[in-house]
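Here you get one chain, nothing else, as structure tokens; it is the form predicted on its own.
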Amino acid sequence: MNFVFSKRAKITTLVLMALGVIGIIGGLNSHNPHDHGGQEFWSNLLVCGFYFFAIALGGLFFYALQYAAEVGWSSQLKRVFEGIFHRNIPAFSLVLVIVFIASTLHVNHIYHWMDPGTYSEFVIPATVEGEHSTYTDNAEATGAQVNLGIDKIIKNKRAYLNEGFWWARTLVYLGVFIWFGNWFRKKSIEEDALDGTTLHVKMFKRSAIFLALFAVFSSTLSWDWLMSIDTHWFSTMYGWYVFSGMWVTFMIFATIATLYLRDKGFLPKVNDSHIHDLGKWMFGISMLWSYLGLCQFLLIWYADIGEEVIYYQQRFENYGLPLIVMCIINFVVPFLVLMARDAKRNPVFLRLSGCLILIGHYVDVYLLVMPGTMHGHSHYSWWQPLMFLGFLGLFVYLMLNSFTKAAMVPVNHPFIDESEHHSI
């Protein structure tokens, strides 16, 4: 059975995207007195771009995990997973690339380590009013003076944090994710027309390769795109923390999408046991995220080293309320609501708690980015939630449109019979 993109759903997503356009225009014309060069707008664009990119990437990871682990119960849901990652990874990769290009061209200063004034040994002052000083490491350059504004920590990280190597890593990440996403989708559709297990074995092998790459890239991209915003600070648990966030947000999105499709009759063989398993993943990965976040905090709190505690001190002092609310939503809500077996099978509980946790993790990404770019000067304005809603509309539109391109229930998956009779 093929999915039908209803007129109502299409209008809803288009309205959300229109609100997003209004939000983008509002952000470009915002009047925060502490915002120089549109830093707040670009930071919010990074927040939204990464948040939805992470959901899609979490979908690709979980999809590959199902093949690598030879999982049967989820084969009924594989087209749901494909719809989430297939077109959204390329789309939100583009959003991120726009932010990164603007950073490299110094349109914004999200990554202040890109500023040559932070790592160059010498400066050649401008001789004409209105021109910028020139930075160099050549002591013999005409007019060169010692750069008193050099940041030795950033200077010592230049072997890793330099624009060329950073862009090379970024393009490798995005290229690998887009290629694997398209390959999995293509082979999945081919499997509908072919009988046998040949394609399944190929997908099993490629999944193992992807998971090996993802194990590295999921951490390094979080260092490159998010942790490097706070260049002086680092955490060995940061990559795991970001990874668990992308995983749980995907599981929630997949659960809500599955409930929607089942209610509309497009997943007739999906039963309460499938929903129960999705609910268990929502609960379990929420606890994993909470555990990793608490461990990272306690290690830094206990050691009480100045260059480490500044990360949390800045967030508690300037973003204390959203930080506390985010922790409550992302831990207390799943812990209290989804602990019981019946709750994991209840669509109302899953939808309501899922939407709350999705908002909580949006705040989490906001707190990963904004304190390092705006410090204590960020003002959450009317245009920011509109930007979020616009990208949400785009994400859902691309997902629903992808559903229309193939049968919602795979035909020749070798585990489809096991999935149809799944019972727990």
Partner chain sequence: MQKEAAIREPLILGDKSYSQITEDVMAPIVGSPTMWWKVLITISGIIAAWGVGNILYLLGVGIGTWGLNKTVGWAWDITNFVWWVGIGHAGTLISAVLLLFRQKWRMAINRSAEAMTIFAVMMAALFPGIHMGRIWQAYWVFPLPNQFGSLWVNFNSPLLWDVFAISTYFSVSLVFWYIGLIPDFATIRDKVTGGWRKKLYTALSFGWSGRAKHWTRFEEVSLVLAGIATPLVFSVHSIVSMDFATAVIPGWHTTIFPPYFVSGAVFSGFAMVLTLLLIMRKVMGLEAYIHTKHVEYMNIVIIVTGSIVGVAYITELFISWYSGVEYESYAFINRATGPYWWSYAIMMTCNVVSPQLFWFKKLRTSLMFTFIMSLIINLGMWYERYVIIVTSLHRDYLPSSWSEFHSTFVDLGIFIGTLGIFMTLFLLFARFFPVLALNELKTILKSSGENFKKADH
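Positions refer to the first chain, counted from 1. All values reported here derive from a predicted model rather than from experimental measurement.
Below, we turn to the form predicted in complex with the partner chain, even though it does not appear here.
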Distance check, Ser290 to the partner chain in the predicted complex, heavy atom within 4.5 Å: no
Ser6: touches the partner chain in the predicted complex, heavy atom cutoff 4.5 angstroms: no
Contact flag, Asn138 vs the partner chain in the predicted complex, heavy atom cut 4.5 Å: no
Interface membership of Phe415, the partner chain in the predicted complex, 4.5 Å heavy atom rule: yes
Contact segment among 149-157, 325-333, 79-87, 103-111, judged by heavy atoms lying within 4.5 Å of the partner chain in the predicted complex: 149-157
Heavy atom of each of Thr170, Asp272 and Ser353 within 4.5 Å of the partner chain in the predicted complex: no
Of Lys280, Arg262, Lys187, Arg315, the one that lies within 4.5 Å of the partner chain in the predicted complex (heavy atoms): Lys280
Contacting member of Trp166, Trp240, Tyr319, Phe180, with respect to the partner chain in the predicted complex [4.5 Å, heavy atom]: Trp240
Neighbours of the partner chain in the predicted complex among 58-90 [non-hydrogen atom within 4.5 angstroms]: Glu70, Val71, Gly72, Trp73
